[in-house]
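In the block that follows, a single chain appears as structure tokens, in the form predicted alone.
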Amino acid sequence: MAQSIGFIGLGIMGQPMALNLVKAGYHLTVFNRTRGKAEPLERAGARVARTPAEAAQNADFIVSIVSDSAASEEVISGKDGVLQTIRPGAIVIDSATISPVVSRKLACQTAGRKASFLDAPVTGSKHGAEKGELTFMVGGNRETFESAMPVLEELGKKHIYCGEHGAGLSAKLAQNAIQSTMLEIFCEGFVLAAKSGVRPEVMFEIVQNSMARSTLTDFKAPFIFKGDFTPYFPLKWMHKDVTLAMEAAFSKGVPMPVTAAVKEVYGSARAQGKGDLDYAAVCTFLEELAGVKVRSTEGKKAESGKA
């Protein structure tokens, strides 16, 4: 008999993750604050709940991937939250990127209901969620982690156990500090090159044949060159994650001077109204300061050649 899953949060990442679980044969009950986002799941055979508590009722696993710490607390321990109905022995897999402190509190509250909790943030963006190729960074009891593997394997290709509660989130915040900085400095370099008269295609060829090459910028560069900032991972969430990383650094007494500066760049771009665009739109903030755009001219040349 297929196990049942309550799934909470059907945004850019959550919706494809939930669809993969339905395809894998799990009985899904889903909840999202905006009900319209649940319609593709309902068409696929999932049941739509009115509250997180209803989604969790009688579920073997509860997967949650919402926006921030406050949202995780609301759907898990709030008035109509998961802990109102969770059954003993169930496992909560919280894949939201939130404060490790808040996550550890939720783990304690879940244990009080004789259930288990994993912090299991992901990396891989929208395309990874759609393909079931996410990477999970997991914190919590190792036995709980192993019990949750059948579910996690339907959602991701890599599952890395990081340690006790909060360790998965600590790893994710460190990773996003690295990732956000890599993309921002890539954009700074390309803005400088463009301002100096070097075409993006030429600069990209140089980077790809140097030690500066990365998988991240290989993926993001074509979108930047086209000016296409359709969100794979919204800028506002990257800014939130880098802010959480800085909070964690302060609590641990770890200096992160470069990350502090990058946080302000993303924050400035967000303040300009770019928060719902992909986080690669940080490039447009730098472009506006420099008075230049990093855009490909190859397509335009091809079109003029045809004419």
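One-based numbering along the sequence shown. Note that the structure is predicted; figures quoted are calculated from it, not measured.
Heads up, the form predicted together with a small molecule isn't pictured, but that's what we're talking about next.
Enquirer: Just to confirm the contact call: exactly one of 34 to 42, 53 to 61, 253 to 261, 266 to 274 touches the small molecule in the model of the complex at a 4.5 Å heavy atom cutoff, so which is it?
Expert: Comparing against the small molecule in the model of the complex, the contact stretch is 34 to 42.
Enquirer: So in the model of the complex, does any heavy atom of Glu74 sit within 4.5 Å of the small molecule?
Expert: Judged by the heavy-atom cut-off of 4.5 Å, Glu74 is in contact with the small molecule in the model of the complex.
Enquirer: Find out whether any non-hydrogen atom of Pro234 is located within 4.5 angstroms of the small molecule in the model of the complex, and reply yes or no.
Expert: Answer yes; at least one heavy atom of Pro234 falls within 4.5 Å of the small molecule in the model of the complex.
Enquirer: Quick one: does Ile86 come within 4.5 Å of the small molecule in the model of the complex, counting heavy atoms only?
Expert: So Ile86 does not count as contacting the small molecule.
Enquirer: Lys240 versus the small molecule, in the model of the complex: is there a non-hydrogen atom within 4.5 Å?
Expert: Answer yes; at least one heavy atom of Lys240 falls within 4.5 Å of the small molecule in the model of the complex.
Enquirer: Is every one of Leu10, Ser67 and Lys172 within 4.5 Å of the small molecule in the model of the complex, counting heavy atoms?
Expert: Yes, the whole trio is in contact, each within 4.5 Å by some heavy atom.
Enquirer: If the cut-off is 4.5 angstroms on heavy atoms, which of these, Lys126, His165, Arg113, His159, is the one near the small molecule in the model of the complex?
Expert: None of the other options qualify; the answer is Lys126.
Enquirer: Please pick, from Ala107, Val138, Ala96, Ile224, the one residue with any non-hydrogen atom lying within 4.5 angstroms of the small molecule in the model of the complex.
Expert: Selected option: Ala96.
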